[in-house]
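What follows is a single chain, given as structure tokens, in the form predicted alone.
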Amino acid sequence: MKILSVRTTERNQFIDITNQIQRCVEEEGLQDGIVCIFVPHTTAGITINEDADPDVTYDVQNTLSRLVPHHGSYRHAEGNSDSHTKSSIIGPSLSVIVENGRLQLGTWQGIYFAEFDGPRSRQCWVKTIPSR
């Protein structure tokens, strides 16, 4: 397993980590199989979305903030209940097919670390699983 360090600079932020995941695949020598990416945090997540237009991640963050506002009638006393909820919506893990040593993503897709309680130092755990 590889551990990627991710440093976020904003409270809500999407960071494109596609190239780092591809590098992990190459370093592990995976030609065909699956790469699993897991975020071990309760106020962050991982997602695949468009990487050609930065307005897409802005729109996703904006929509999540409207659906789950920072200040609400939350019972959790730490002041980050919205972050936990957004993390649950996005999810903590994903899997991507690897073929011929390359991530099999669609033309416009990228892998994003989703921060909802930053800025912080975070991790992504990356596990390659070869085909049999």
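Computed from a predicted model, the values in this text were never measured in an experiment. Just count from 1 along the sequence shown to find any residue number.
FYI, the form predicted in complex with another copy of the chain isn't displayed, but the following is about it.
Asks: Is there a heavy atom of residue 128 lying 4.5 Å or less from a heavy atom of another copy of the chain in the predicted bound form?
Replies: It does: once another copy of the chain is placed as it appears in the predicted bound form, residue 128 has a heavy atom within 4.5 Å of it.
Asks: Counting only non-hydrogen atoms and a 4.5 angstroms cut-off, does residue 106 reach another copy of the chain in the predicted bound form?
Replies: Yes.
Asks: Quick check on residue 40: any heavy atom within 4.5 Å of another copy of the chain in the predicted bound form?
Replies: Close contact exists here: in the predicted bound form, residue 40 approaches another copy of the chain to within 4.5 Å, heavy atoms only.
Asks: Is residue 69 close enough to touch another copy of the chain in the predicted bound form, meaning at least one heavy atom pair within 4.5 Å?
Replies: Residue-level check for residue 69: yes, a contact with another copy of the chain.
Asks: Scan 5 to 35 and write down, in order along the chain, each residue with a heavy atom lying within 4.5 Å of another copy of the chain in the predicted bound form.
Replies: Sequence-ordered list: 32, 33, 34.
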